[in-house]
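There is one chain below, alone, in structure tokens, taken in the form predicted on its own.
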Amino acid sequence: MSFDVDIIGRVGDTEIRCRIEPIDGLTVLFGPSGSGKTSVLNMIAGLIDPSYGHIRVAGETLFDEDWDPWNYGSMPAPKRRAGYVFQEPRLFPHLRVRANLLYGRREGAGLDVDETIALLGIAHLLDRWPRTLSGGEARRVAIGRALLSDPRFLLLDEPLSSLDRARREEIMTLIERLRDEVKLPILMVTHDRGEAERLGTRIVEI
């Protein structure tokens, strides 16, 4: 259950190169702002395509420049089933927390609703509106919504950004639990060396 990525892509005038060797656990993409980390996540999610190379997750090919030329070598994004948690939680403001969690839920997901709520410790938030949540609470709900979509893998884009020290510790502890208990391939972006060293099974600099 791992990422196998070797790609070259271009976003605007910037060429992006990334190689991730297969290894189980949580992979951290580490580097300064503007280095292309989020673009790599978008390529793995299928939101943009690389120019060359391949992307495989848990042994399944998502992109290959020589694979299925009629489809430009790329599996469509919905079929990839990426659980993507963006830098901003992007919760629906007109839906309470419970409805946000259930949005896009797939039947037969590896984690059911009650298990996910217990894992994230958000039972007390279910009737709240997104605007009333702290940054850490909103991140928890966003991660829960991603888990309930029955993803094949998780992509976390700067999940600790803009949080105070207490909330950062709360979310880091949660990510450690996801890494150790849920057993999904996880790829996380950060520009913080301490976060990378604490959470990453392997660090890939970009």
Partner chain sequence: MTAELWGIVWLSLKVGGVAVLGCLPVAFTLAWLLARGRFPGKLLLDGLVHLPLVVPPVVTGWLLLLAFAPVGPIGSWLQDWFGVSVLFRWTGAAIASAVMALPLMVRAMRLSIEAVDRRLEQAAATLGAGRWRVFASVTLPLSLPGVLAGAVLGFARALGEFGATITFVSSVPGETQTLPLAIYAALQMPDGEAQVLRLAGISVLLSLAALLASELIARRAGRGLHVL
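Predicted model, so just to flag it, every value in this text is computed and none were measured. Heads up, when I say rigid core I mean the largest set of C-alphas that superpose within 1.5 Å between the two forms. Residue numbers count along the first chain shown, from 1.
The same protein also exists as the form predicted in complex with the partner chain; that form is not shown, yet it is the one meant from here on.
Note that among 56 to 64, 164 to 172, 145 to 153, 28 to 36, the stretch whose heavy atoms approach the partner chain to within 4.5 Å in the predicted bound form is 145 to 153. The contact with the partner chain in the predicted bound form, taken as any heavy atom within 4.5 Å, belongs to 91 out of 111, 75, 91, 122. Mapping the unseen interface onto this chain, residue 104 counts among the residues with a heavy atom inside 4.5 Å of the partner chain in the predicted bound form. In the predicted bound form, the partner chain lies within 4.5 Å of some heavy atom of residue 82. Using a 4.5 angstroms threshold between heavy atoms, residue 45 counts as touching the partner chain in the predicted bound form. Looking at 186 to 205, no residue comes within 4.5 Å of the partner chain in the predicted bound form, counting any heavy atom. Once you line up the core between the shown form and the other one, the Cα of residue 79 stays within less than 2 Å of where it was. Shown in the overlay between the shown form and the other one, fitted on the rigid core, is a CA shift at residue 154 smaller than 2 Å.
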